[in-house]
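Quick setup: one chain, the form predicted alone, written in structure tokens, and binding and motion questions come after.
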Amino acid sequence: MLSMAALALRANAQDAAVRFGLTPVFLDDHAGLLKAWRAYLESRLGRPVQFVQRGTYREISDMLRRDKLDFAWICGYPFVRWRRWLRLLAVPLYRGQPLYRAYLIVPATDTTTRSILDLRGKVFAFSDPDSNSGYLYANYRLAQADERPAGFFSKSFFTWAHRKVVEAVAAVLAQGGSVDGYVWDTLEKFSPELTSRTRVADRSPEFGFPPLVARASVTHAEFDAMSRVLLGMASDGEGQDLLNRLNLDGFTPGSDGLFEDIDRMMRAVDRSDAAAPA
């Protein structure tokens, strides 16, 4: 049975599709899961849902700010960078908490590296320049030591997906990489043959889990309907099955305070970059 919010949503925009953006925070090889999740959302919202996938965080952030998307699953870094254009919709629960860590990974054959500072002169893989776990945190750690990627590593590159960071390190195309810990853990669960060729050398403090957001101009009816569906997923069998496939426990409303540490790191890195010699 549709909720009152969903009925109002149907009355206001019966034929318009909900545009839901996905970035590389979502695992790349889950096309079947996306199809099932879209069908689930459509049945609960009473209107079509269109998943819009892009290869970079910036593309999705720009589409949200230009009202080309209604909702998206992004990262805490672009959320704090562009929060004036966004509304926090929900935060995933992972291992019972709305939190995750960044992992420093190295090839499994490297048994000595314990910190990113041990990788001076090495090749390093980042996921995306707008990713907290895939770039900001590692850059922050270097900035604390008055270092920057360009001068610290012999080479660094972006893979544009967390899974591809794991693949690059597993293949020793890079001697280290910074990756979303949830993605590495999920790959360890579903693709252990890949993660077994890497080692987690260091883990960050906990940060707010990559959030689901709405564009600031989304209507109250749209926002409330989507929020109700997401928060209710853990309460029905079909939703619980999807959560299991996502390797999540559910969703919570969350709060901006979850992302304060990311905001602090962003400002510190911005100051460090501004002070760097031209």
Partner chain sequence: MLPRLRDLSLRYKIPLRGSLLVLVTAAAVTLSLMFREYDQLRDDLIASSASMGRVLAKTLVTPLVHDDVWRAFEIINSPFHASGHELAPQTAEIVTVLDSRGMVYVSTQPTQYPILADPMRTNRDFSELQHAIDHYREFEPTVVEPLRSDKLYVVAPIVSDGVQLGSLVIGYSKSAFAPRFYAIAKRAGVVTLFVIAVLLPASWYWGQRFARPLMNLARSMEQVSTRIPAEAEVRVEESRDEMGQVGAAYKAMLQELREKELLKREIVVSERLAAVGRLSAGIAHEINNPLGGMLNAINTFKHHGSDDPVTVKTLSLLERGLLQIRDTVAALLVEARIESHPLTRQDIEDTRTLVLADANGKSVRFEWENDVVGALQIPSTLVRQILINLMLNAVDAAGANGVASGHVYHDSRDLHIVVANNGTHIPPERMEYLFEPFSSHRAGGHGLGLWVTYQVIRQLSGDVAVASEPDHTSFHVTLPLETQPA
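Residue numbers count along the first chain shown, from 1. Small disclaimer: the values here were computed from a predicted structure and weren't measured.
This protein has a second form, the form predicted together with the partner chain, left out of what is shown; the following refers to that one.
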Would the partner chain in the model of the complex be within 4.5 angstroms of a non-hydrogen atom of every residue among 164, 167 and 172?
-> yes
Please determine, with the chain shown alone, which of 172-180, 134-142, 70-78, 98-106 has non-hydrogen atoms within 4.5 Å of the partner chain in the model of the complex.
-> 172-180
Of 200, 88, 93, 123, the one that lies within 4.5 Å of the partner chain in the model of the complex (heavy atoms) | 123
One residue of 154, 111, 115, 196 in contact with the partner chain, assessed in the model of the complex (non-hydrogen atom, 4.5 angstroms) = 154
So in the model of the complex, does any heavy atom of residue 82 sit within 4.5 Å of the partner chain?
-> no
Heavy atoms within 4.5 Å of the partner chain in the model of the complex: does residue 159 have any?
-> yes
